[in-house]
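Below, in structure tokens: the form predicted on its own, a single chain.
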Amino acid sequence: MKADPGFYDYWPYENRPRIQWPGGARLAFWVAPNIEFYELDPPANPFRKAWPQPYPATPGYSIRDYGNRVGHVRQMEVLDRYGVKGSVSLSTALCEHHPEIIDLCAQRDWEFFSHGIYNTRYTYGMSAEQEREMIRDSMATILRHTGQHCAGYLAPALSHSELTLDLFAEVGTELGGDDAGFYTCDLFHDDQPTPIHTRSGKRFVSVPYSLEMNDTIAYVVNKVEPRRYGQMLRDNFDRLYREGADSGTVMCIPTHNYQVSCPHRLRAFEEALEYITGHSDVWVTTGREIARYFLDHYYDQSVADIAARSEGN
């Protein structure tokens, strides 16, 4: 039994090599809209049920359909207003089911990264080859429909396996593209990008993606009210912005178009965006650009620092 997942080294926050984002920004800020497709009657998975109700799970299915019919456009208009390009955590089946949503995102030069094919089909119980094929299919679909080489990965419904990161790095390399396979959102262990181990030795980074700021976790799991969620977003920003004066930090808001875009919730999100983007020394960017900048400027230095600390112990 492993003592830890083995994806990254213990690397204390204190006294790391200093990160400075473009333009001297203290904080890199990105928004990750999860644009997902849920099946009403998906194949059964022995490890997890897709719906808590028996078939047909109309309430759960229809509110998610609301997100793709109504909520997505509502959220997109708010992000446009504050100059934020989304980094789309995409259920790639959406490319066939709702290509009009893909077109709206592509018109705005949003990033697309893989969130699997359906958010009702999990990694749990898959063989390595089945998971590899699912990852390959999702990445190839993004390339075919958007022209983008997929750079990031978030496992469908956060259903991660021991091989997910290795497989994503390898498939990204096989499919070509300079950016393919270089960051993960599946690890929630840090407020700065960190180097990740892969069996292929590919340069690979974890970009902070916050479960605590995730609207589904806030609203569904923690039962937070919209006004309180907006305050949490501002409080989270304030702390990371303050620490970013010493070394650049990352803040992500992961959203769902059937959560944050409901009429009674949208104002809290909008006010948080107004507050965050109102600071001049914030780099409003995408997950891909954060990963690329870290890989180009700080990855080797970080690996060396981790090794030196390990030798010191």
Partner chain sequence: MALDKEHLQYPRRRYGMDHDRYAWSLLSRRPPVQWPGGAKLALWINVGLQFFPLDQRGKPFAVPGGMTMPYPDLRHFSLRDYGNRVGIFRLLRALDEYGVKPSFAVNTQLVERAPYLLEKIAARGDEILCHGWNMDSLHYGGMEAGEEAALVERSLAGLRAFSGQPVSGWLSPARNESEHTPELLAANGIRYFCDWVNDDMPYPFRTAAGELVAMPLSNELDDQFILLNNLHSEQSWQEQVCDACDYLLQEAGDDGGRILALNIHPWLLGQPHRIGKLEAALDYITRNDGIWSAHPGEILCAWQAGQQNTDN
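Positions refer to the first chain, counted from 1. Here the structure is a predicted model, which is why all the values come from computation and not from measurement.
The discussion below concerns the form predicted together with its partner chain, not included here.
The three residues N45, Y61 and Q259 all sit with a heavy atom within 4.5 Å of its partner chain in the model of the complex. With its partner chain omitted here, the record of contacts in the model of the complex names 73-81 of 149-157, 73-81, 200-208, 187-195, defined by a heavy atom within 4.5 Å. In the model of the complex, at least one heavy atom of Y38 sits within 4.5 Å of its partner chain. In the model of the complex, its partner chain lies farther than 4.5 Å from every heavy atom of A106.
Residue contact with its partner chain in the model of the complex: H98 places a heavy atom within 4.5 Å of it. Under a 4.5 angstroms non-hydrogen atom cutoff, its partner chain in the model of the complex lacks H279 among its neighbouring residues. Residue M126 is the only one of L175, M232, M126, L163 with a heavy atom lying within 4.5 Å of its partner chain in the model of the complex.
The partner is not shown here, but in the model of the complex the stretch 112-135 reaches within 4.5 angstroms of its partner chain through a heavy atom at I117, Y118, R121, Y122, Y124, G125, M126, S127, Q130, E133, M134.
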